[in-house]
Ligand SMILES: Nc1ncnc2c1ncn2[C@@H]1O[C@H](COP(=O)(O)OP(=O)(O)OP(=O)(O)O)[C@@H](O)[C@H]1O
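Here we start with a single chain on its own, the form predicted alone, put down as structure tokens.
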């Protein structure tokens, strides 16, 4: 992609030559990627590759040092994360970040701070329909949930904000394989039934490629490979490094 070239009409998110730093440490070196509306895009790479940093730049938690971030055709660099949530850009960070002392329902309602009361009631009912275990445990303290249930809670809280673009950072982290399968069934549901666009950060490349329409591989803050899941599975370097 070249700076100054307009994104295709179906592009919801576009990064062009994005650089980012933590103090004197440069974390991203010219990252460019597109996310089309209604698709799941996977961002793969090892620990420290810059995956989480990329999501932090997109969601307004870290200002880019250079380059542009466009969401729905508008440059969003410098906008507050709360304003981006109001525009439908919602970030589920690594580690879930739930409020353990609050009840399950209190955590969910925190995700609806931008919504009207009637919309919140409807969205809460939809989340409980999609996540029956959260309805069953809605009065429990969130800290008492299992790791998989806490991940469901983090995703459910994000859905209360009615996202158009959902950023998921390592949703399988620390979970047992059967629970990971369940989380990925939820990701398929969000994409297929709700029609949300998803940018998914994962170390578990094989799982991510099962749900993705397109994928990018980050190494040391640079995109080194991109393509469809079939193309990445056919890439010898990707197979050797990420697919075992």
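Computed from a prediction, not measured in an experiment: that's the story for all the values here. Residue numbers count along the first chain shown, from 1.
One more form of this protein, predicted together with this ligand, exists but is not displayed; see below.
Only one segment in the set 33-41, 51-59, 186-194, 207-215 has residues whose heavy atoms sit within 4.5 Å of this ligand in the model of the complex; it is 51-59. Every residue of the trio 25, 47 and 170 has some heavy atom no more than 4.5 Å from this ligand in the model of the complex. Think of it this way: in the model of the complex, this ligand has a heavy atom of just one of 105, 72, 126, 94 within 4.5 Å, and the residue is 94. Residue contact check for residue 68: none of its heavy atoms lie within 4.5 Å of this ligand in the model of the complex.
Taking this ligand as it sits in the model of the complex, the stretch 191-215 comes within 4.5 angstroms of it through a non-hydrogen atom at just one residue, 203.
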